[in-house]
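Coming up is one lone chain in structure tokens, specifically the form predicted alone.
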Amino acid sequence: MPEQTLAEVWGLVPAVLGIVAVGLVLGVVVAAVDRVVVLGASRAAVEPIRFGARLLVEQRRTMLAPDRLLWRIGCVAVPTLALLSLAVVPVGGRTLWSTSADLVWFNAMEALLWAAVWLVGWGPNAVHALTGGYRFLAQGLAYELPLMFALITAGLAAGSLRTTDILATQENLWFVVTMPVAFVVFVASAAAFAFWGPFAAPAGPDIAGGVASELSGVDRLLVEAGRAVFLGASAAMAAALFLGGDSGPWLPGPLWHLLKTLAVVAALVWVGRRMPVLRPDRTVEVGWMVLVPLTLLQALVVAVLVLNGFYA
């Protein structure tokens, strides 16, 4: 029995290394695309590396009576959960981590990310960080349900919670054609969980950087990397759930998935850098009053299509 358990653990090593490698590449890609939009193409490749190297040697900031344990747990959990959400993204007809309910796994990682960011705001024992943490709690709660309904809608059409099955169902028609609302809501909710673009109020300048105001050194690097990786993982999942993933003519399947992921990342970064940061009460109101009813209506339309054999 111990030998069998050890063999199973060693069998997970390639999957874990693969998840970390893909996640790091996606994080760098998101950061590079962001730098292209902000600074131009000439400095895009160098700036993320320079920023990361500077944070690695930067001294950690200390606060009066912080909860260091919870603070460190939150900082480490943000990139860890982002990487774990990437584990169920299907590439080449398979996932790095095989489960029977991939959509539930992805949604669970986002729910835990909600708690991790809250710990990042709670741990420093500072008013601005705590205010940012409370903003993120309200924002995360408002966008968790729309995101969950968007995921369920894709699973409903495929009749499965496995992302590989959802990918296979889109062989003839991408889900974005019949689920445009679910696609937009999924991408917007991912941006809200990464507090990116118009959803950046939890780290807003009006509260001196909010949840990230007291982060420095390795802690800041971990949180910023986690945000970038999660944004990249969400873009890859959006490409798989709604844009057909590997499907496309002439080029190899994984290359098509990469191109679609890059397109979603570019759209997220471009729109995020050109929209103003919305007031927290406005983003929460949109989540509850607009996106929840829209995603429920979208799920109802897809259910009618399923009953009529549209996706068969």
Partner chain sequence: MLTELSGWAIAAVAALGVLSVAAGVAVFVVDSMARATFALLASFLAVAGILLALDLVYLAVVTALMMTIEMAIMAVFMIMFMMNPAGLMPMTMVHNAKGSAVTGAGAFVVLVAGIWTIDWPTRNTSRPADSTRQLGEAIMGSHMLVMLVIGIGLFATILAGTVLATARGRYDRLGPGLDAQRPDDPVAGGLPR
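From a predicted model like this one, the values you see are computed outputs, not experimental measurements. Numbering follows the first chain given and starts at 1.
Just so you know, the form predicted together with the partner chain exists too; it's not on screen, but the next bit is about it.
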task = Give a yes or no for L173: in the predicted bound form, does one of its heavy atoms lie within 4.5 Å of a heavy atom belonging to the partner chain?
result = no
Partner proximity in the predicted bound form: S216 to the partner chain, non-hydrogen atom cutoff 4.5 Å = no
ask   = So, in the predicted bound form, is L70 in contact with the partner chain at a 4.5 angstroms heavy atom limit?
value = yes
message = Is A108 part of the interface with the partner chain in the predicted bound form - any heavy atom within 4.5 Å?
response = yes
ask   = What stretch, of 255 to 263, 240 to 248, 53 to 61, 279 to 287, brings heavy atoms to within 4.5 Å of the partner chain in the predicted bound form?
value = 279 to 287
inquiry  = Which residue, L96, L222, L130, L84, is the contact with the partner chain in the predicted bound form, using a 4.5 Å heavy atom cutoff?
reply    = L130
note = None of A208, V184, A77, L161 but one has a heavy atom within 4.5 Å of the partner chain in the predicted bound form; the exception is L161
task = Pull the contact list for 120 to 151: residues with a heavy atom within 4.5 Å of the partner chain in the predicted bound form, in sequence order.
result = W122, N125, L130, Y134, L137, L141, E144, M148
